[in-house]
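Shown below, as structure tokens, is a lone chain in the form predicted alone; questions about how it binds or moves come after it.
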Amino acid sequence: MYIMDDGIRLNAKLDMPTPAEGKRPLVIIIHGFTGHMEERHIVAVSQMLNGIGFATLRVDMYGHGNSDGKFENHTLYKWLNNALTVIDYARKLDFVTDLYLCGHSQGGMTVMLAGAMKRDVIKGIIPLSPAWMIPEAARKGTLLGLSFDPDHIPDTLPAWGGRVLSGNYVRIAQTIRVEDAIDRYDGPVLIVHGDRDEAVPVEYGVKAANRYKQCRLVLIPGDTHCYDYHLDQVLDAVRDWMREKK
């Protein structure tokens, strides 16, 4: 199905537990930079949550997966607006009791920002390997493994996998202060981070956990950014935390 966001179609999939009848909580799940909602770790989290009674809503964000927009034109503002639109959509579903946000990497940072903005309606957030160093790196001119003058940003930058990214991505990232969002969110938080993460230093997971008012940090020994080795431990951590919230 598609969720409309100001003329942009966001490809989405609503998965229900069995039996599907009755009211229940829902978890919105957002993938990361260059990712999509059918990635192994995204689907695994969704299926695990369905298995313990939670509905899930997976979404391809602007310029990713089967949603509208070009990758090179996506920005954090566009993703954040997507997230707020999806939250508003989910709130109107008649079976939903409580809403949670879960996101991986750039999606993890997105749910940190959206959770703060919608803190009155979001019961808990789950940033997985959250890439909240993006704005800081953009301000330093060291984003995506590149070095550039942060005061004279090029019109385009090379991204992973032969992709190209607009300089506006960097300009917008420079304006975002994730620390402010962390300070604004009072609800429960679960951060899961591999301690061999090759894309987002694990120190960022630790710093965020220490700054949130009520946060559980689960480090996965020897694992990578997308949990290539111990995805089962990630699922166990999310399962245990979510069961406490039912």
Ligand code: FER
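In this text, residue numbers run from 1 along the sequence as written. Because the structure is predicted, anything quoted here is derived from the model rather than measured.
There is another form of the same protein, the form predicted together with this ligand; it is not shown, and what comes next is about it.
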message: Each of 61, 78 and 166 having a non-hydrogen atom within 4.5 Å of this ligand in the predicted bound form: is that the case here?
response: no
task: Tell me, out of 131, 102, 86, 112, which residue has a non-hydrogen atom within 4.5 angstroms of this ligand in the predicted bound form.
output: 131
query: If you check 33, 54, 204, 185 against this ligand in the predicted bound form, which one has a heavy atom within 4.5 Å?
result: 33
- prompt: Using 4.5 Å between non-hydrogen atoms, is residue 48 touching this ligand in the predicted bound form?
  reply: no
query: in the predicted bound form, does residue 160 have a heavy atom within 4.5 Å of this ligand?
result: yes
query: Does this ligand come within 4.5 Å of any heavy atom of residue 225 in the predicted bound form?
result: yes
query: Heavy atoms within 4.5 Å of this ligand in the predicted bound form: does residue 215 have any?
result: no
